[in-house]
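Next up: a single chain in structure tokens, the form predicted on its own.
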């Protein structure tokens, strides 16, 4: 095994921050090039006439999934050393609804608000201020909600582990789900573009 590099001591914490910064710049650049720095572009998915956000994010998920799977198969990556956040079912469902509500109202998620701010959009900056304000408030009230925030713990869960199926089978079914999702998204776009714009976006 030669990866993950940090876990195997190929570089230290300082260098890892430099790598994270470079990757972050690249990630932000491609988000902006995909149009994710625009609240109109992002919010249009909730009206179903432009599902670019759904398609791009699902493509990223599938690409990462295949990369991790095959790197593990070829013995390049030790999957067991990859860190991911433990599962807290109810708190994360509630958090997802809060994040989704903010996404619909503001037109951004935390990441895309940074992208929008970086290219000078005022609405993105205001949203980003709200993100930091929300983080501050959450930190202040955490002692009051800590029991809820750590409730319904399931530890570190994976789809294949939870369903008790081989990793490759999970990859196959997620790929099928992606294909179906792309087909459904394209169909929704055609239907709602026709309703809203008479067939022309």
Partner chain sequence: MEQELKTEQVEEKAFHRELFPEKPYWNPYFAGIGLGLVLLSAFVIMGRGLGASGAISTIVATSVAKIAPTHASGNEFYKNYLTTEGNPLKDWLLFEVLGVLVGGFISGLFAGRVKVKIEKGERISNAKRLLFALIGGALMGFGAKLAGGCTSGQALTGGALLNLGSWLFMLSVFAGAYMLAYFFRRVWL
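Residue numbers count along the first chain shown, from 1. Since the model is a prediction, treat every value here as computed from it, not as a measurement.
This protein has a second form, the form predicted together with its partner chain, left out of what is shown; the following refers to that one.
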Would residue 83 sit within 4.5 Å of its partner chain in the predicted complex, counting heavy atoms only?
yes
Does its partner chain come within 4.5 Å of any heavy atom of residue 7 in the predicted complex?
yes
Would residue 40 show up as a contact with its partner chain in the predicted complex if we use heavy atoms at 4.5 Å?
yes
In the predicted complex, is there a heavy atom of its partner chain that lies within 4.5 Å of any heavy atom of residue 64, even though the partner is absent here?
yes
Stretch 77-94: residues contacting its partner chain in the predicted complex, 4.5 Å heavy atom cut-off:
77, 81, 82, 83, 84, 85, 87, 89, 91, 92, 93, 94
